[in-house]
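A lone chain, given as structure tokens: the form predicted alone.
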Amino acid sequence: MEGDKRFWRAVLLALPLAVFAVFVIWPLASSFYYSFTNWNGFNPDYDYVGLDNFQKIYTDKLFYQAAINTALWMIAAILLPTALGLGLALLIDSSVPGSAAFKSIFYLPICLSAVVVGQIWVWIYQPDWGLLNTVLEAMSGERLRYAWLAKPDTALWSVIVAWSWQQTGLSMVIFLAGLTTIPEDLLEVCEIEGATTAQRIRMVVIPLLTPATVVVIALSVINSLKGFDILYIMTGGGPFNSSDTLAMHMYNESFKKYLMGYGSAISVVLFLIALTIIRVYFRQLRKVDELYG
């Protein structure tokens, strides 16, 4: 009887590991394997092509465009939510009337799925009756009316705005938590010494928010690398691949052109990039722990 209990206890403890292996480890290993083949996703017969798919990446102009777009996406996804979240946290923390309501309003978008957020902003950017063009038209007539998602020069940035709108609330909450760790007497001493609000923020608050900033930036990087669904809903990588990121390019090659082997090679490259970024992050996190621990 006792042996049966131990067996089922071991099964329950191993179940999360088994789920992780089935839904994470196995697909990851499969991607690595198929990246060395010319599999089309359907035909069970495929050939081993070695490094041909990775060599193709070096001559793929769309890959380089997607890589540039991914870099722009990541930089904007780090800077905008971080700066806006910090600004909102400082504003709400300064006892602005109705700050509790502001917290809920600004945090609400992060509770929505990226698909919902993407559809909301598709409506906002709609050329004929969208909110943005309606406001611009009311301000200065039809000359500012613009097809934001249909023009190559604004499509990616329009999605970045929508993404930042969703992610800012999470950054704000983390910074608010960081502000609670700053001693009030330290800020009072600075005020007594004649430091202005800007000086207190620049010389005291921001340096002491370093641990929170590291967390915000790390989450921004990780979330930006997963930023596929909102791009798919809003632009699908278009127009003319102007908003194509590596994740979107991988999807198009795998599931639209049925080049599953080549798509898997792109996913491997994206995985290695993400792994490098995460490694750098953990290295910086250790330094922060040593500095503030």
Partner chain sequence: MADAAVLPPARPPFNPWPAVIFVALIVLALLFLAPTAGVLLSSVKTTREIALGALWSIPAELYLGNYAEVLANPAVHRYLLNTVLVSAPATVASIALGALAGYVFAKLPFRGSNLLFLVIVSGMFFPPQVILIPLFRLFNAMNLIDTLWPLIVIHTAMGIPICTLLMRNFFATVPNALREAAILEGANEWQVLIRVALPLSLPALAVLATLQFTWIWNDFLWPLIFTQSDEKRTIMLGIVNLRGQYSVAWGVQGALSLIASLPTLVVFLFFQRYFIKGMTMGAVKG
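Here the structure is a predicted model, which is why all the values come from computation and not from measurement. Positions refer to the first chain, counted from 1. In this text, the rigid core denotes the largest set of C-alpha atoms whose superposition between the two forms falls within 1.5 Å.
Quick note: we don't show the form predicted in complex with the partner chain, though the next part is all about it.
Each of L15, S264 and L270 is positioned with at least one heavy atom within 4.5 Å of the partner chain in the predicted complex.
The contact with the partner chain in the predicted complex, taken as any heavy atom within 4.5 Å, belongs to L91 out of A150, L91, I75, A83.
When contacts are judged by a 4.5 Å heavy atom cut-off, P27 counts as touching the partner chain in the predicted complex.
In the predicted complex, the partner chain sits within 4.5 Å of a heavy atom of Y232. When contacts are judged by a 4.5 Å heavy atom cut-off, F255 counts as touching the partner chain in the predicted complex. Residue contact with the partner chain in the predicted complex: S158 places no heavy atom within 4.5 Å of it. Checking 47-55, 236-244, 28-36, 60-68 against the partner chain in the predicted complex, the stretch whose residues place heavy atoms within 4.5 Å of it is 28-36. Relative to the superposed core, Y64 undergoes a C-alpha shift smaller than 2 Å between this form and the one not shown. When two forms of a protein are overlaid on their rigid core, residues whose CA moves 2 Å or more are considered shifted, and N241 is not one of them between this form and the one not shown.
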